[in-house]
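Just one chain follows, in the form predicted alone, and it is written as structure tokens.
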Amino acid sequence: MNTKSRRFLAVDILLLVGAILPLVACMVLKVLFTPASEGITITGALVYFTIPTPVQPLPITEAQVNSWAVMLTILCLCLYLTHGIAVRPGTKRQLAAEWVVEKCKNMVHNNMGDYFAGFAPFIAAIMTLSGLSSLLSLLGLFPPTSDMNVVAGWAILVFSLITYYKFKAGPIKYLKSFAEPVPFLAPMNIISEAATPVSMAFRHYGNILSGSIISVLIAAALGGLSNLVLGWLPGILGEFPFLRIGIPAVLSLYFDIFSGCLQAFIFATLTMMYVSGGFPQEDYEKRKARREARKREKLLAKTAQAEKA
């Protein structure tokens, strides 16, 4: 193995370690900061420490730390998949990366159209971040998507994009849209507009949190049922929760894996629908044409004045 190959392999190893290390660090923090308890408990995100600020104390919670860990993991995985990329795919990782990029581009094109082709990286990022955040429960970590603050931040970001593209046709057109189809529906339209980020946040947060709670409650119920049915067995056999073997793992396939990935896809799909659906492209094109016409008129007027001079 020559020097170039050894350097390439070393970078690959560093990137893979960089993808795994943040998650390992989160598990270590979880063990160190989790207080001792008996039985199964349902709690929110742990508060690691608090930063004093002029407004109010800023708590640094498990949800924030785990979100940054997921982002670092995604960054290292992306760098690993694109490491050594070439014009002609020569590795399986490059084929996988190109497949992901192609699927994201096609999804954005089918849902948003050609004008929003540049949205593919954003949609891929928010879908991956949401999916991996929900899957942290498989490692025994608190999923950031079970924290309302995290999901609400994503929803506010998406709502800002929706409002930005609605303003593309001008603020007057945006304000007039609240009076459509009839003016007396303006209050309802305003409430509907404000409800968009709220519904997106609560839908995602509620589904992930409810799945985690249901999984814990079923595991606790199976433990109690095992003691009730098999408690007559002698010694440690009577205390061992036999009924909690296998069944919670099967339920985890839905609540942790399928439901988490499904909610990530739904959140990304709603983002594409709301942004593209709220963009008045025809009005924007007309406004753009009027601006260009005024610019041409001003240019012709300046040219005519210069010729007269």
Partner chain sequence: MLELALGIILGGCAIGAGLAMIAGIGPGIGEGNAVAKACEAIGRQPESKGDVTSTMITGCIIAETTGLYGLVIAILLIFVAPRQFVNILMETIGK
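Fair warning: this is a prediction, and the values are worked out from it, not measured in the lab. Numbering follows the first chain given and starts at 1.
One more form of this protein, predicted together with the partner chain, exists but is not displayed; see below.
Residue in contact with the partner chain in the predicted complex (any heavy atom within 4.5 Å), chosen from 207, 215, 73, 128: 207. A heavy atom within 4.5 Å of the partner chain in the predicted complex is found for exactly one of 85, 229, 195, 179: 195. Taking non-hydrogen atoms only, residue 27 never approaches the partner chain to within 4.5 angstroms in the predicted complex. In the predicted complex, the partner chain stays beyond 4.5 Å of every heavy atom belonging to residue 65.
Although the partner is absent from this view, residue 167 stays clear of the partner chain in the predicted complex, with no non-hydrogen atom inside 4.5 angstroms. In the predicted complex, the partner chain stays beyond 4.5 Å of every heavy atom belonging to residue 58. Taken together, 199, 202 and 270 are fully in contact with the partner chain in the predicted complex: each brings a heavy atom within 4.5 Å. Of the stretches 270 to 278, 65 to 73, 27 to 35, 49 to 57, only 270 to 278 has residues with a heavy atom within 4.5 Å of the partner chain in the predicted complex.
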